[in-house]
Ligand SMILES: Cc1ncc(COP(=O)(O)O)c(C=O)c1O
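Before any questions on how it binds or moves, here is one chain, the form predicted on its own, in structure tokens.
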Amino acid sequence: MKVSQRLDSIAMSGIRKMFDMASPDSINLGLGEPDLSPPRKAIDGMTLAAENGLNKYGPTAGIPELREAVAKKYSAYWSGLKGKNVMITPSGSSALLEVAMTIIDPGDNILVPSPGFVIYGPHAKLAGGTFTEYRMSGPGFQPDIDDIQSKIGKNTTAIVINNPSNPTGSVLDEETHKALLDIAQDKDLMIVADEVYDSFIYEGKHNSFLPYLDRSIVVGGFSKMMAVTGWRMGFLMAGDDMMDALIKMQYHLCASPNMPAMYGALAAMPDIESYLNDARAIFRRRRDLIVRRINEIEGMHIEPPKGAFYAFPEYDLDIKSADLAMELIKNGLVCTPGSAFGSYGEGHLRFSYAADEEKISKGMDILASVYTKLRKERR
């Protein structure tokens, strides 16, 4: 059977590879899946909607009430945001694919962060385009402005920005935010801003691209916000003209999002900040634990990530991150090699601290034991 060259040219995600190789009793710090319970109102709202017969097709862009609720929450970043600027999507990942299919023509090139989330480049290829990695540099993993400028070519059409970042947990600073906007304006480029972790910032503030929808599309999601990854619920925000095109794209992808889940998310939105305050406190404690434990291991180092729920330490052994991750899997700890996130991710590992503190502690015990043993063997 024939498989398209576009799909055949894309490797399976390194995150999923590690997940699939793990034994059931492994300590899994590989997936960014919050272990928290969703808001009770979300579960009750979805259940009630299903019981009341709201199981049919809905509006392609999502129910108006939820579009308005998202606009109300995110108007904190831009007071001009309206419900018409919001489209509910079947996951943040599908939103990003829809954006790629909407703005990329064959031959177009987009710039993607490295280390950066694994789907940006493949989405460009599925849309018929190409991608070029730009470096996330320094201890704060900020987009390297000089590197970005050097890689803009005649076919470059967009820059993908992930803020806060998966896998690094970095948060975009104001100076870099302004520099990226200046580049987009000067070079007539679109900014695709993946901001699905905006709810999880522990120091500093979120510098969103929402005030600049004339030049950006912003992607968000309920999966992390409400700990409902299995519901596959996301959203995107765009200017009026671009929104029309994105709704057309979504129609051809799915017709409409999950109806009961939309009502579940809607029910939870009025009290979501209280829920998130509690969630941030939990993740901050876990972040502090995993950072402390990693920095206690000779040869490993990490600066405290300011956002998301990932630790991305560097290490000093001359060993590929995929090989190091494999050694850890053999010893019962699942993580993700830095190389899965692009060429500039080599020399790092990614650990998710979306797991509880007991699992994090056990995982760090394994990491310390395996890494210390490897250092002794390689001296």
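These numbers come from a predicted model, not from an experiment. One-based numbering along the sequence shown.
Although not depicted, the form predicted together with the ligand is the subject of the following passage.
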**OP:** Just one of 179-187, 222-230, 270-278, 137-145 has residues with a heavy atom within 4.5 Å of the ligand in the predicted complex, so point it out.
**Re:** 222-230
Original post:
Does the 4.5 Å heavy atom contact test between Pro305 and the ligand in the predicted complex come out positive?
Top reply: no
Subject >> Asn258 within 4.5 Å of the ligand in the predicted complex, heavy atoms >> reply: no
Original post:
Can Tyr202 be called a contact residue for the ligand in the predicted complex at 4.5 Å between heavy atoms?
Top reply: no
Original post:
Are any of the heavy atoms in Phe283 no more than 4.5 Å from a heavy atom of the ligand in the predicted complex?
Top reply: no
Original post:
Considering the ligand in the predicted complex, which of Asn85, Ser93, Ser208, Ser114 comes within 4.5 Å of it through any heavy atom?
Top reply: Ser93
Original post:
Considering the ligand in the predicted complex, which of Met237, Val196, Ile110, Ala100 comes within 4.5 Å of it through any heavy atom?
Top reply: Val196
Subject >> Within 4.5 Å of the ligand in the predicted complex: residues from 299-313 (heavy atom criterion) >> reply: Tyr310
